[in-house]
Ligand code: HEC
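Coming up is one lone chain in structure tokens, specifically the form predicted alone.
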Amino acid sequence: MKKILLAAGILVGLVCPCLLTHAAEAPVPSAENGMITAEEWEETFPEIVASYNANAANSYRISYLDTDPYLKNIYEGYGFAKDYTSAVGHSYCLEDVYKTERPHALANCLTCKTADFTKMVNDLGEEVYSYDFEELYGSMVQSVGCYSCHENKELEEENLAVTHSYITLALGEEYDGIDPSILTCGQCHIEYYFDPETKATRMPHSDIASMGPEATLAFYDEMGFADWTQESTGARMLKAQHPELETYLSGSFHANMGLTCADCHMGKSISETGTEYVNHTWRSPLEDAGLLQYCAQCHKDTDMAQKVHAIQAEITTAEKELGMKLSDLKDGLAAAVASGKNTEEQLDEVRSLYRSAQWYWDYCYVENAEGAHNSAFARDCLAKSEELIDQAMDKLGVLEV
């Protein structure tokens, strides 16, 4: 049984709702794929399901292409130059992947967007990743749901599940010692890639030590992988995904303390009838007074909202400044290529630096916490990116345009 600590009225550790209510047998699924839905759990766990459904309230989107116009230039030739919006509630994952203007020819784009697809891969095997997106989408019903984190098990004491097989393939049966209450969230909040041959989703890590931008870049370089080749520069570029797991486990203070994702993003709530349950509305701890009380155990009377917003403002400002500098590098490289006056060897030196600089910058930019998960790590990523940009600019300065 997972150890449960209750402190300041907050649940520490992501646990099964039954631990706060009562054990129950799983309902008989009505879906053809045999997946138990949130609606089918509702009779037994009404508070849990209501809090899960509340994720639909987070539907506000902003376009990063509007707030950061340089992105269209940096991502030239890739789908994110067409459509890139802020994250919304997990309720919209399936809808969003369908409506996006980014192309999605294959079903592997559904990997973390719907519990139906996860179960299909687990039932039928990895060939599902290479199915046609449009043909498969119509059979997808659930967004991220109960199966994603709890599988189809009866609601017993230990019911967290790492449902994505690529995690076990990469990290092994023991997950390199990563607590399942972190990895259950982290199985989707990670950097990943699609295998060039099988189209299956893969993690570019084999353990915690091989996580992080430097090791991952080396992995991609060794396998000769690129997400796309930019036409104007000829550079083989990488697009980071959303490496929350890697960022958090890369020496963050809270990870070293043993805190899990749930400690900051899921609190214990009490219903109107006095029932205690784990709140499944995933949100910032700054939006939950109870979670802020938990923070206060260490942070005392610190204004946490002010502290976190200051970090995020610092990192966001640095990202924007560096993003424009990266955009200038891209334009300079494109001009050097277009001139036809430089050798491929000269251009490749700059292309390599540009690819790496973009990678380190993007690794920070796409991580959803904007520095709050690991501010030192975020600063290091941006500093490395700027160092590489400066090196590339120096080399570019001696080329003919």
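A residue's number is simply how far along the shown sequence it sits, counting from 1. Note that the coordinates shown come from a computational prediction; the quantities given were computed from them, not determined experimentally.
Omitted here: the form predicted together with the named molecule. The next part is about that form.
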Next on the checklist: Given the stretches 142 to 150, 72 to 80, 197 to 205, 319 to 327, which is the single one in contact with the named molecule in the predicted bound form, using a heavy atom cutoff of 4.5 Å?
Outcome noted: 142 to 150
Checklist entry - Does each of 236, 338 and 381 have at least one heavy atom within 4.5 Å of the named molecule in the predicted bound form? => result no
Checklist entry - Of these, 120, 162, 315, 286, which has a heavy atom no more than 4.5 Å from the named molecule in the predicted bound form? => result 286
Checklist outcome for this item: Picking from 63, 342, 368, 30, the single residue whose non-hydrogen atoms come within 4.5 angstroms of the named molecule in the predicted bound form is 368
Next on the checklist: Quick check on residue 253: any heavy atom within 4.5 Å of the named molecule in the predicted bound form?
Outcome noted: yes
Item to check | Close approach of residue 248 to the named molecule in the predicted bound form, 4.5 Å, heavy atom | outcome: yes
Item to check | Touches the named molecule in the predicted bound form: residue 269 (any heavy atom, 4.5 Å) | outcome: no
Next on the checklist: So, residue 193 and the named molecule: in the predicted bound form, are they within 4.5 Å at any heavy atom pair?
Outcome noted: no
Item to check | Within 4.5 Å of the named molecule in the predicted bound form: residues from 284 to 299 (heavy atom criterion) | outcome: 284, 285, 286, 291, 294, 295, 298, 299
